[in-house]
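Shown below, as structure tokens, is a lone chain in the form predicted on its own; questions about how it binds or moves come after it.
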Amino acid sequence: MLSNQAGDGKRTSLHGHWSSKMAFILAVTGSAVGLGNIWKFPYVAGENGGGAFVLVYLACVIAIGMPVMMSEILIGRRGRRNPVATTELLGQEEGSSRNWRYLGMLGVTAGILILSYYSVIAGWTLSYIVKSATGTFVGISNIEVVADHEAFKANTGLVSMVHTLFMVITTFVVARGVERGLEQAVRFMVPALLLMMLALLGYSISSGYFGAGVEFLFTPDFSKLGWDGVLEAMGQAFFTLSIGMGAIMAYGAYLPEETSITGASATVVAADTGIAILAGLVIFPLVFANGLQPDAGPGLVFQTLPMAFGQMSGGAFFSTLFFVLLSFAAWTSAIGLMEPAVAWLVESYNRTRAQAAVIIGALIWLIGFGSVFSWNIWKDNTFFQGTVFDNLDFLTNQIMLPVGGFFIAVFAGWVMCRNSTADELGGTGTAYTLWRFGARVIAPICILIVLYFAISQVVA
């Protein structure tokens, strides 16, 4: 399993393989399903008119997300190495340049930077599990829940502690390897996440405002959707699917040859999108049941929802369940974000997996303090887009991920020859033709539009 070449001459991964197609789907779904689905998707949908945003988001997932995800998986499986080595190796094999390694390095770097602030928000979910379980939100008012959240963010020691705890548990899983760590974790956490989501959906249905939530999510109001909302939808498609950051490429390196990339990608995209919609169906009925506003922004999960749960019968239990769900989703995504850098360090510098996980984990943990301090001791030290957190979020989501996705599509669609991509995608039928058109034309054009408007906003 760990040799350089298989008996048929094809490469095998240096880190092992997923034991089955289902293990891969669970792993990639776990990486894709995270705070982007449950924390971010509902509030950006709320800020941009609900149903209109959802329609554009779904179009972006199909037109951009699907072909780029398939491209990233096929590149990973073809190279069977970490993203840096894979893009360098395939660049040379396809008669291009070894400088394509910078594409892999971009993904590795993006994963490190994203996880540095992602782990801080994920740490908040751990703290809110305790707050919910101890009844902090029972009967709480809007003013009190906002004050509690602001006091929590201002507590540098507490935020630092939960950020540290989250990075420790993430590093532990990644250090254990593909089958003993990554696969065992997602086999438990992804089904548990879905079960918790369904339990919360039942609770939301019982609120009496489920119809209002459905109407808000699925009735388009294009008067509330501007170009900013369209760009948000495109960016959300990248963020929520974990494409352009090396995680999917790294996971693709462990994918068995007999597994269909097209089928696996379609399953992951459907599952990821379905959970994002489910999150909206859980959250918005609770918001409407309590006379709250759906466009509450980033505070929707950490301010509006705790108050909503606090006013409802059984709210303490379901609030605890919700934040356990949120922490599980964050954990599975964090594992995927960290994996590319760990694989790169193992292969490039002859480190053991445990050593590499500790080194990368410590680096991410240290960078994360820039985001920890963004809400307290550095909150007034703003530059460019705002605080350190704001700048990391903008740099990764608005610039690095679209750039990475663009060059992944170009590499798979234009640099890799037709024989190589057809070999990975199982022939040259209709599915292959659609993927090739999407990767060569549709996805790059759409991504360039996203980048143009993102840069225009900065320049303006």
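The numbering used is simple: start at 1 and walk along the sequence shown. Bear in mind that the values here come from a model prediction, so they are computed numbers and not experimental data.
Here the subject shifts to the form predicted in complex with tryptophan, a form of this protein not shown in this document.
Only one listed stretch (217-225, 82-90, 240-248, 349-357) carries heavy atoms within 4.5 Å of tryptophan in the model of the complex, and that stretch is 240-248. This chain is displayed alone, yet in the model of the complex one of 402, 413, 36, 49 has a heavy atom within 4.5 Å of tryptophan; that residue is 36. Scanning 336, 294, 306, 280 against tryptophan in the model of the complex with a 4.5 Å heavy atom cut-off leaves one residue, 336. The closest heavy atom approach of residue 32 to tryptophan in the model of the complex falls within 4.5 Å. Using a 4.5 angstroms limit between non-hydrogen atoms, residue 118 touches tryptophan in the model of the complex.
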